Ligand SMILES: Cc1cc2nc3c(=O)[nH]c(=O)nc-3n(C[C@H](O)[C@H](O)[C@H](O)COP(=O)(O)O)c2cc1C
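We begin with a single chain expressed as structure tokens, specifically the form predicted alone.
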């Protein structure tokens, strides 16, 4: 079995990844938040931090690229290989955000299957490296999936990570498992399941329905409960002590790295927008965390939460 950390903008950056790697069951792969490929664009300082081996020691990190232009993808992928030693890159065909899809990128690219087909033909013919794809099953209609499967099976995709929702689903409702089943029955390439893995019970349901699936990507469920994969793989239930140590280490990393209280608070508030629901009676603490204006105020609220509440069983 293989476990992957999903790329989540603003959350799973290199600081989060290496802190997670220190405290919890290690992932087989960690995917970076997407790098937006553009003509003649060099990597920013933040993007260099995301992909540099020095910042990701001991982890298998896969840079994710967002673009609908084949030349830009090829240029960025080659740079990542030549300058930073990456042998695998991932194409983002899954982001449902309106600001991304309006430009025909992410899940929005799925609305143009002919253009996507041409794009894939170019990148696979010109790049000598592993190319994996993270995809949704369409934009507005699940029926789109049939056309996309016909395209995907033409290419030597290293791995197809499937989030079985259409773009307009966003993250609402339940994954369309029938679409994932079609891929399992049709495609010969390695597949990875992604979507609504919030508990060990969720993982069990997917493995029981798809026993041949041996690769799983965790996103929101893992950020909510960092001990999720540790529980699945090692049988160790999440405990408040480890969560506290994980939080404190991450908090200190951000305080050392970022300038100004506001930037640190932004990162930690984003984290708690997921993690808070993992605690009993969390609502009033979550509101106070969100309203915190200073690190001292934030630290006091967090300490109260850990002292007065427990993790949900």
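Residue numbers count along the first chain shown, from 1. Not measured: the values here are computed from a predicted model.
Not pictured, yet referred to below: the form predicted together with this ligand.
- Stretch-level contact check against this ligand in the predicted bound form with heavy atoms at 4.5 Å: of 212 to 220, 70 to 78, 149 to 157, 239 to 247, the positive one is 212 to 220.
- Checked against this ligand in the predicted bound form, the residues 225, 132, 92, 167 give one hit for a heavy atom within 4.5 Å, which is 92.
- 196 is the sole member of 139, 230, 196, 101 with a non-hydrogen atom within 4.5 Å of this ligand in the predicted bound form.
- Contact between residue 64 and this ligand in the predicted bound form is found at the 4.5 Å heavy atom cutoff.
- Using a 4.5 Å cutoff between non-hydrogen atoms, residue 171 counts as a contact of this ligand in the predicted bound form.
- Residue contact check for residue 282: none of its heavy atoms lie within 4.5 Å of this ligand in the predicted bound form.
- Mapping the unseen interface onto this chain, residue 105 falls outside it, with no heavy atom inside 4.5 Å of this ligand in the predicted bound form.
- Although this ligand is not shown here, in the predicted bound form the stretch 245 to 260 places no heavy atom of any residue within 4.5 Å of it.
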